[in-house]
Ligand SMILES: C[S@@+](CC[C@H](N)C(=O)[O-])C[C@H]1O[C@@H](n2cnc3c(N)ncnc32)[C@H](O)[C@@H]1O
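Okay, so here's just one chain, in structure tokens, the form predicted on its own.
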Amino acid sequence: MATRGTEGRPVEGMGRERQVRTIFSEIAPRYDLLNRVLSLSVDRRWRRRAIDALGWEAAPAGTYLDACAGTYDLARELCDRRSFRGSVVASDFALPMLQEGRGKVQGRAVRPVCGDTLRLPFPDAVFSGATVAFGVRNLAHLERGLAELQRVLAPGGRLVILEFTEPPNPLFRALYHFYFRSILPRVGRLVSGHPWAYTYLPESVKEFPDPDGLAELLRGVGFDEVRWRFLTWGIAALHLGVKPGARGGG
């Protein structure tokens, strides 16, 4: 995938990790606004579904990981559940994203960590569950990142992934492609002031495995009970995998 500079021109030699970090660091001040505008706020519903699927009720006092956490939307959603008594470690390798969103989690049991999902700075089997919202698509080595998430989960812990996908209905898929390739980049440039970040988004979705392909990768790194379902006519998909073993309480 071509990497573009501040004028939209290719920058030679910029690796995928550096590219993604640069994008999200530079759009951090407008990231939340753009999420609401570009998704018509439906992303909030998707995040509620993700926390519903996490099964945190089995360990309400556990410690949970939100990887590629961005500005803490998933971490806050979990912490605000009525019976939740645990804590969330919010990890992201773009420090400006964590800094931008910190006001949203003030007074909540959320600990930010500037860390790379390909090399998570945590011991084995320490988290009761883990979430990733629209982040695995950006990993330079997807299988390695999934393996890291599996490694840090305690036995029986669930991984929940939200990710964009292509709608299965041909007509809706055509409308989706038009929006993603023509409307979204223009609105993204206008609101964010960034010349190419929102051209990257549709390109990254196009290159990403379909839901069955991602499910196969999850099984390949050791997850059990792998399943997925479409959200909102197939714009996004919610994926679930469970680390083998009995789940502890909390």
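Values in this document were obtained by computation on a predicted structure and should not be read as measured data. In case it trips you up, residue 1 is the first one in the sequence shown, and so on.
The same protein also has a form predicted together with this ligand, omitted here; what follows describes it.
Although the partner is absent from the chain shown here, 20, 94 and 135 each have a heavy atom within 4.5 Å of this ligand in the predicted bound form. Here the chain stands alone, but in the predicted bound form its contact with this ligand, taken as any heavy atom within 4.5 Å, falls in 135 to 143 among 165 to 173, 81 to 89, 135 to 143, 148 to 156. Taking a 4.5 Å heavy atom cutoff to this ligand in the predicted bound form, the contact residue among 63, 204, 192, 35 is 35. Interface membership of residue 70, defined by any non-hydrogen atom within 4.5 Å of this ligand in the predicted bound form, is confirmed. Within this chain, residue 115 lines the site of this ligand in the predicted bound form, having a heavy atom no more than 4.5 Å away.
Although the partner is absent here, residue 31 is a contact residue: one of its heavy atoms lies within 4.5 angstroms of this ligand in the predicted bound form.
Within this chain, residue 49 is remote from the site of this ligand in the predicted bound form, having no heavy atom within 4.5 Å.
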